[in-house]
Each structure stands twice: as structure tokens, then as C-alpha cells.
Ligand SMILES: Cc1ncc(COP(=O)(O)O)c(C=O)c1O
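To begin, one chain is listed below as C-alpha cells, in the form predicted alone.
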């Protein structure tokens, strides 16, 4: 078994003992895709799913693959399972179930939202986007220029490879209506102070739309605490099915224009902002993510799930994600140290070491080598990583890496272990030396 990782008490509620550690072997047994001999480190592109998600998808399709909302048993069962999935997706970010929209992807959700907000904007209004974000939280907003909106770009700082609040402040004016940015980049991996940024945005009288896709697998999210007006994440990168989730404050979702059939009620956020409707079997299967998290909680905190323990879902999942974070932080240090020790390697975002925490996403390049060469070489050792722009093309271009084949990216989540890291670094060292 790989060495266990101690959990700092600051990451959890006050009831969690500091000596609690993540039992990685226990977690891994729930993921059938991990049973082989490959090391999977492309989790930022999509995580594997636990058996609870798989079983719920199969059960839905086998027993109630019908239109929900009717009284007959199959339809009633479909409604119950879909509602359970939506409830889990809301709980994952501490939102209420009537504050989220489940759609086919984050890209689709942003596209629909951008059209739903057009009626609230006038020519001359300003929208701020970044040159670091995944295109999902980028391209659709830039198209608002078609209706006379002024699009400004919050650019990455050349010294840190990241977005700095001071640079945003210079862009904010009385005409700013919306600022779109990420909780952390799927390339750079450094965590932004979303609460501080949102305060700046609100002080300017504008709204904040936060892309949390790259952040969500690694840390617990509380959209109420962040005070984000809109928040986005993809369930398939948080151990769930391939669907996206949009959170919005109720008053803003009410004001957003209906993008569905004319007869859909204005307060039916799920339907009016999801043309064609949500995917039934995938939404239903999302409840399995919550079941998995509760299994992890029960294993690490015996007795806490029993009747009378009075441990709610928020505290349970806070604890679990605290365990995940501590374990990932322990795996992060050897990778950062290894890459920093190589004179011919550039780790993206390394310049802010000590100033900003990073999730376990590491993008780098090797001097004199096309980035795509490295993952290809590691395939013979059954190590799965990739090199490309990862749909953050503007970020890659800002870094000047288009001609290099983009960046090499390694991304871990809690089911990776120290043995995975050792295997990666050993073979990466051989590859860089040859």
C-alpha cells in the first residue's frame, strides 16, 4: 500500500482529528478502470467514475428509461432518480437544487447563458474575459461584441504566468457589466482568490462568472461563500457522468431570457436554460458520486454516518475533500521539485511559488523538444498523459507555445498514489535524459 497522507486540521471542520489520513487503496477499489496496470494522469481531461455511478446509470436504463413526470411506476422512478442526481450535483457546490441547471457540457451551458443575458446588455457595456481560460468560458462571451458590447481582455502576467488582481483593477470601469474568469486554469493550475476577485467585481457594480471545472475535483466548493453570481463545473471531471452544471443566483436566473420553448415558465430554470432538456440517465447516475463520497466518509470516520450522529452532507463532504486535498498536496511536492531541478524544463506558473497554492495540475515544456514527443515516449511504460492546448488555446498562445505542440500536462486526483508519482518521475527522468 502507498504511504498515507496526514490531513491538516485547517482543511476540515473542527470535528475532524488531525491524524486522519486518506486510505488511497480503499478509494481505488471503487474505480474499475484503475484495475489494470496503466498509470492514469490525465484527470484534468476527465476522471474515472466509481462503481456507484456506473450502477446507477445501468439501473436507470434497465428499469425506467422513459419520460419522467408521470404517475406510472417507471416514470415515477425516473423522476425520483433524476431528482436525486440533481440534488447531488447541487450539494457538490453547496447550492440549492433550484439554483442549478444541468446541461450537456460547460461549453454548452456558457453558450446558452451568454444568449440568455444578451437582453440585459446594451451597446457600450463592457465584458471582461481572460486570455487564460478554457474556451468554454471565453468564446461565447467574446461574441457579445456582435451586439455592440465592448470586450476587454484580462491578460496573464508575464512574470507569473497567471492572472493578477491588480491587472483586473485597471480594466474595471463604471461600464463593466460582467467579468468571466477561472477558479484555477486547466493549464497553469494556480488557485485564484475568487472571493477577493468577486468583491472587486461587485464593488465595480458588475457580475462574476467563474469557471470551476479545473478546480472542482480537488477542493470543496461553496458558491454561497464565494458569492459568485454564476459558477460552472463539469461532473465528468468530478468522478461523475459527462454533463455540465451551471449555478446562478436565483434573481439572475429569473432575469435571464428563456432559451427554450415559448411555453416554458420563466422560473423553471432547468428547462428554460437547457434547450432540449437534460440527459436523464446521466443525471440520474450523478447521485452515485454522492454515494461514493459517503462511502469514503464512513470508512475514515467510523460511526459518523449512523442515525443520531447529526453529520450533514455539507460536513461529510467537507471532510472528504479535505482528505483529498491533503493527499494531493503531498503528491504535488515531489513533482514540483523534480521539474524545478531540471534546467531544461519550464514548469508553467512556477514563478509564484510561495504566493499561491496550486492544484495537482502540472503543465511544462522541455527546451528543444516538441511537447507531443514526451507523452508518446511514456506510452511504452503505460503512463497516460497528454500534450496539446487542452482547449485553452488563448493561454497557449499567450505563453508562446503553439509551435512547441502546446504543453505537457500531468494531472492527478485523490485516487493517484505515491507509486504512480514514483513511476512517472522515474520514466520521465529517463525520457528527458535520452
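From a predicted model like this one, the values you see are computed outputs, not experimental measurements. Numbering follows the first chain given and starts at 1.
Absent from the display: the form predicted in complex with this ligand. The rest refers to it.
Proximity of residue 319 to this ligand in the predicted bound form: non-hydrogen atoms within 4.5 Å are absent; the residue sits far from the partner.
Taking non-hydrogen atoms only, residue 270 never approaches this ligand to within 4.5 angstroms in the predicted bound form.
Shown alone here, residue 173 lies farther than 4.5 Å from this ligand in the predicted bound form, counting heavy atoms only. A residue is said to contact a partner when one of its heavy atoms sits within 4.5 Å of a partner heavy atom; residue 236 meets this definition for this ligand in the predicted bound form. Here is the short version: of 332, 114, 106, 88, the single residue with a heavy atom within 4.5 Å of this ligand in the predicted bound form is 106. Only one of 246, 214, 179, 82 lies close to this ligand in the predicted bound form, with a heavy atom inside 4.5 Å, and it is 214. With the partner left out here, this ligand still marks one of 151-159, 196-204, 128-136, 216-224 in the predicted bound form; by a 4.5 Å heavy atom cut-off that stretch is 128-136. In the predicted bound form, just one residue of 184-205 lies within 4.5 Å of this ligand by at least one heavy atom: 186.
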